[in-house]
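One chain is shown next in structure tokens, namely the form predicted on its own.
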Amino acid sequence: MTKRQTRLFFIVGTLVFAGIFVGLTVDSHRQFGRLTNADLITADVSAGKDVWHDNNCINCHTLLGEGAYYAPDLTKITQHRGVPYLTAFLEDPSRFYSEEQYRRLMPNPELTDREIEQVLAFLDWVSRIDNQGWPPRPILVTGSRFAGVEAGARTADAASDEPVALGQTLFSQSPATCSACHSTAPGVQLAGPSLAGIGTRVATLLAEGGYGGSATTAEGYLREAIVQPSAHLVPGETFSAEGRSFMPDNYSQLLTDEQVDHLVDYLLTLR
């Protein structure tokens, strides 16, 4: 290749790829409004963004994979934890985590009730952005995975059961992502109680009393716990407040009846 041909190849290649870059940039800007649900940006969302920046939350947390990596990625946090839990957490983080146990503790931002509403409105808007699966492996809440413990541990005889397998997948993946709040390891408490042995513990609860819901079977109890989490409150001040469970109450909209059935099938194998 002569010098003239090399120069021509460089110029043409540069122009072609510059054109592709410009085209992709224009196309991205054309879709930003739809992908980010710009029509859902309310005054509270904008004010919540200011609260986020004013308190330098980005110094520890990430959104859409951008920010610091000292604390969890919060891109989908409102879907994982729900507004009631997050409200109580922001009011007093030390109520849920201890520095002695977790070796780090989020400082109390001392937000007003109104500021908490606004920052959660902002985070809820962020959670609805079509992020095209990015980040591919967001950092979940500390401790949602434990070395040597599978998020979906189940009994060997259920290994070939397709509904159970589908339930196990739902347990650790969207739209359920139960493992963000529940461990299947005995004695390991996350935002919600450990589900180790839940398949047998439910039967004991229903037989011994102390249950405040309307279910009469283990299957019914687990289904109720998923779609109506406040029907029966598990004892523990970090699980509920003022008669309302911290578990999100929108799974009846996020999951189909069949998906709930699969989750119940899987949970019943945890013995």
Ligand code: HEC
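Note that residue numbering follows the sequence shown and begins at 1. None of these values were measured; they are calculated from a predicted model.
A second form of this protein, the form predicted in complex with the ligand, is not displayed here; the remarks below concern that form.
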Please pick, from Ala185, Ala88, Val126, Met106, the one residue with any non-hydrogen atom lying within 4.5 angstroms of the ligand in the model of the complex. Met106
Among the candidates Ala215, Ile226, Ala47, Leu63, the residue which, in the model of the complex, approaches the ligand to within 4.5 Å (heavy atoms): Ile226
Do Arg201 and the ligand share at least one heavy atom pair within 4.5 Å in the model of the complex? yes
Does Thr177 reach the ligand in the model of the complex if we count a contact as any heavy atom within 4.5 Å? yes
Whether Cys181 contacts the ligand in the model of the complex should be assessed with a 4.5 Å heavy atom distance threshold; does it? yes
So, Leu40 and the ligand: in the model of the complex, are they within 4.5 Å at any heavy atom pair? no
Please tell me whether the candidate spot formed by Lys76, Pro135 and Thr256 is one where all three residues come within 4.5 Å of the ligand in the model of the complex (heavy atoms). no
Applying a 4.5 angstroms cut-off on non-hydrogen atoms, the residues of 227-254 near the ligand in the model of the complex are Pro229, His232, Leu233, Val234, Phe239, Ser245, Phe246, Met247, Pro248, Tyr251
